[in-house]
Structure formats: C-alpha cells, structure tokens
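Taking the form predicted alone, here's one chain by itself in structure tokens.
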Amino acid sequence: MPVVRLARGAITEALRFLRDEPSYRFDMLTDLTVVDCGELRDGDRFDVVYLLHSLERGERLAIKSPVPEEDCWIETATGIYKNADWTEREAYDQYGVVFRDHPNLKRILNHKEFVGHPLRRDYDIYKGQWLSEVDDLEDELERRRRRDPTPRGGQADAMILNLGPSHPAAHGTLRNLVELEGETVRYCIPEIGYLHRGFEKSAETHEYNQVIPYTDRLNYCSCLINNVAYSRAVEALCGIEVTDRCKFIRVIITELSRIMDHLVCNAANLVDLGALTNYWYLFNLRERIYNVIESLTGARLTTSYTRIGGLWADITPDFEEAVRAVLKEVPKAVGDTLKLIARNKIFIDRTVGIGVIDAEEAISFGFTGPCLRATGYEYDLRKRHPYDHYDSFDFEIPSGHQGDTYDRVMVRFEEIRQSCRIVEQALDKMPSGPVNVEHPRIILPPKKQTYESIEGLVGHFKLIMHGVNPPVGEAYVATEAANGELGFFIVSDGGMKPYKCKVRPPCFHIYSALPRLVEGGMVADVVAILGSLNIIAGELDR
C-alpha cells in the first residue's frame, strides 16, 4: 500500500481533497490508528495512521502524520468521515493523542476512571487499576441535546431508559442510553467496552503464532475466519505464500464459518422479534456444522486452526464427506425459515423501512460486508481484491435495495447459499500436496526429522525458542469476514513478537452508526435494527 507522510497541519485539508477529488475518490476511512514509534526512531514519538480506501477504484492509501509526545494533538477528521468519530476516540483512549475540535473526545474502550493510555509501549501490561464508578452517560446526552436540539417536546416530557447491557436483546454487553418521547427515540448514546480485554496489548507480548488463539475471541461466531485473516497478514509481512492446498482448505473453513455466522445472526435477530420456531431451524443446522469443525480442529468455538505458513493439520479422511452431507441440509433449513418470514406481515412490518441507510452514508460510516451490500452497493473483497483463488470460483454477490433491516436479513440468507456454492467448488477442485510451506524458520519440521537429524532438531529448537521473525516493516491485509472487512495492521521491528497489531473490526464501524439508525424511530425497532447489524462484542470491544 502506498504511504504518504504529511504534517499534521495539512491533514484535514488533504483528507478532504482525497475524498472529493474525482480522480482519487478515497471515500472510505478504513481505519485510523496510532503507532508509538518511541522504540523505532528518534524524533516525534507517534504516527497517526489513516488507512484510506477508494471503493470505486479499488485502491488503498495510508497517510501518516507524526505527532510529538509533548504537544500531542492533531485536527479531527469527523467533518470528513463519519466513522472518524469513534476511531479518533479509540486513538485518544489508547494512545492519548488529542483530536482538536472532536465533538465528543471521550474514552471509548477503557473505563472513564482509567489512568494512562494502555497501548503506549511504556504502559505495563500487568498494571492493574480499580475502576468502580458507573458512567451515567449524562455528559454525552447533554452534549447531544445542545448539538442536535430536537423540535419535539421539552426535556420535561422525556423518559431516560437503559437498553442493556443486562438484557438478552442487548446481547449481553451492549448498553444504549436512550431518551424517549413516548415510544419515539430522541437520542441514543451507545456505551461499549464491557468485553474489552486488550487484544492488541496482549498481541504485543506474545510471539506471532501465540496470537492466533487470541483471534478466536474476536468474532467468536466465526473464529476460523479470524485465524485465517491474522495468518494472512503475518504471511504478507514475512513475504511467504502458502500452498494451494492450504488456500483451498482455508476457503472451505472460511465459507463454513460465514454460513454459521449468518445462521446465528438471523436466528437471534428473528427470535428477538418473537419468531422462535425459525431459531431452531437455523441453530440446529449451525450445530451440525460445528460437529464437522470439531472433528477437524478438535474444538467447536475457539479453534486456533491456522498457523503462520499453513495449518495445524491437514483435513481428516472423512472431512469431505461430512461437509457435503451438511451442505445438503442448508437449503431445507433456509427454505423452511423463509417460508415462515418472507411474506409474514409481522416480520415485514417490523423490518421493511426500519433502520434505513443509503450507500453513501454507509460508506462514510465505514460499513462493509452484508450491511453495506444491503444498501445495494455490491462490494465484496472476494470479488474486488481476490485472494486464496476466490477468482476461480463461480458465485454471486447478493445485495439489497434500500439498506433497511429486511435487506440486511435477506442478504445474509442469500450469502449462505452462495457460500455453499463456493464450498462445493473448493471441494471439487482441491489439489493434493502439503498444507504447510517448507520453511524451517516458519513451520516446525516433521517429528521424524526432529528426532533423526541434527538439522531438524536445530530447526525445531530455533522456532520454539525464537519464533517467527518477520523482517522490519508493516502490512495491512484485509479479509472478507462474515461482518465485512476484517483487517490486521501489523508493524514488525524484526523481533519474535508484533511491535504493533491493530485489528480493524468491521462491526466497530457499523455500530458507530446505531444512533443515526434508531433516532426518530420507535424504541421497539432498536431491537430489530441492532440484531440486523450483527454486533459481536468480542470483535467490537477486542
């Protein structure tokens, strides 16, 4: 990816130009992060990194702006990209970089009483803090009242309600403070971070292969995709390419994971609306796919199946037969569910025209995946930037019409069918051969070599003791996950652990649009909209 370095005083003008100039059209801020360069160079300690993407032209660009520690500020980009609101709050929270004129520069992942900025390199990972005071969010609510005064009623008529986190429809960890006028939502203030566990800080203290189990806990409904996405990023950093057999297996487990993810998303969304029968049609199928995954990886939920340079093991002898058998069950489960809901008046009334967002605004919020495609914008990394031989498979990109809750549900159902097509083709075309690269500094040698040759023993020892050592550099690699673009931005200082490992969680950007989607609507619709966005707390909070 091309990298441009800019002085901080020019950053907002440059971002606006790159977004609006027709020959560039970098319409999406893919992610924003900070690199603490204190151990890499002399001079300014921080680099604020903007990862831009022109969806129309399929090009990416990174902009870096150095910021000194003693005068740690940069102008906000919230007036240019809507997802800059949350991404800048995260950068402030984790690194202490101040974004001038940000409308709500407040911690977002860490508790409001937290002292310090945990992703600075000199913050001790073992330092504990006692945090006890509940955030009533009144400061944010009052700020919204002043910024976006509503013509409806006065404050005396309002009712304040906490939607979650201790409620099944809030999926356990999502809290939204809403101000209601009757049953209409005036303001919605999301609070996240209940499941924040410092994934990125933990990654900096483990060698590259040891980070893979941590990726399981991101989107835990499709953890195999996380394994694949992270491994692809490290492999790009190392400059290695996995074997063709490994790529085909990764495609199969990725698409099976996508199917499982969409099944549980739609099942939960429908049961939130009161449609319990559909839940069993879909959830039972997911469990049968889990049986296949368990026989392959030894685990159902947290698999840790990939390795840098390959896989933990090749597929089992009965894997293909088991996959083909479970694929035959998908059309019936999906078909039975659609018979119950596709023309159901209650379902249609609860979803059509509810939580509408158009493509332009969705892109400004950083939407990717099914939520973006539901707006009618057919964008999918597997088609636009093919990897792992996706360009050799025949499949379609489903899309919606108006970007409402109904479209988001139906796009996922159709994507389940398309994933089945990809899996069948991958099984038909899968080549023979090894699943791991032959590289003594990347993959452990076979047991026989370790026990019977000095070269094998030394290679085993070196890899166990010193790990994988990518060259000095950085890489951003994106994978089409169940919720959209799952990216890993990794910086290497040549050591056995990532100097920095930033994950771009797709639902973080999508969830930042929740107030825009629910305000002005009915409070009951918040549940329907939230379910259709498929916010997975492990991925959101990291």
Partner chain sequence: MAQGRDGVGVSEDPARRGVPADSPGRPLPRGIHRESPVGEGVYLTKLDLAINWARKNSIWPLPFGTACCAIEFMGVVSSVFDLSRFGAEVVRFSPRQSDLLLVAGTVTYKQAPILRRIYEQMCEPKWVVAMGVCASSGGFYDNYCTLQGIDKVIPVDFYIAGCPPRPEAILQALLEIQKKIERNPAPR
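Positions refer to the first chain, counted from 1. For clarity, every value in this text was computed on a predicted model and none was experimentally measured.
From this point on, the text means the form predicted in complex with the partner chain, which you will not see here.
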Interface membership of residue 127, the partner chain in the predicted complex, 4.5 Å heavy atom rule
yes
Quick one: is residue 166 in contact with the partner chain in the predicted complex, heavy atoms, 4.5 Å cut-off?
yes
Might residue 243 be said to contact the partner chain in the predicted complex, defining contact as any heavy atom within 4.5 Å?
no
Examine residue 214 and determine whether its closest non-hydrogen atom to the partner chain in the predicted complex is within 4.5 angstroms.
yes
Just one of 419 to 427, 405 to 413, 324 to 332, 158 to 166 has residues with a heavy atom within 4.5 Å of the partner chain in the predicted complex, so point it out.
158 to 166
Which one of 364, 110, 76, 209 is close to the partner chain in the predicted complex, taking close to mean a heavy atom within 4.5 Å?
110
Please identify the residue among 143, 389, 462, 201 with any heavy atom within 4.5 Å of the partner chain in the predicted complex.
201
State yes only if every one of 197, 286 and 301 has a non-hydrogen atom within 4.5 Å of the partner chain in the predicted complex; otherwise state no.
yes
Mind listing which residues of 180 to 195 have a heavy atom within 4.5 Å of the partner chain in the predicted complex?
191, 192, 193, 194, 195
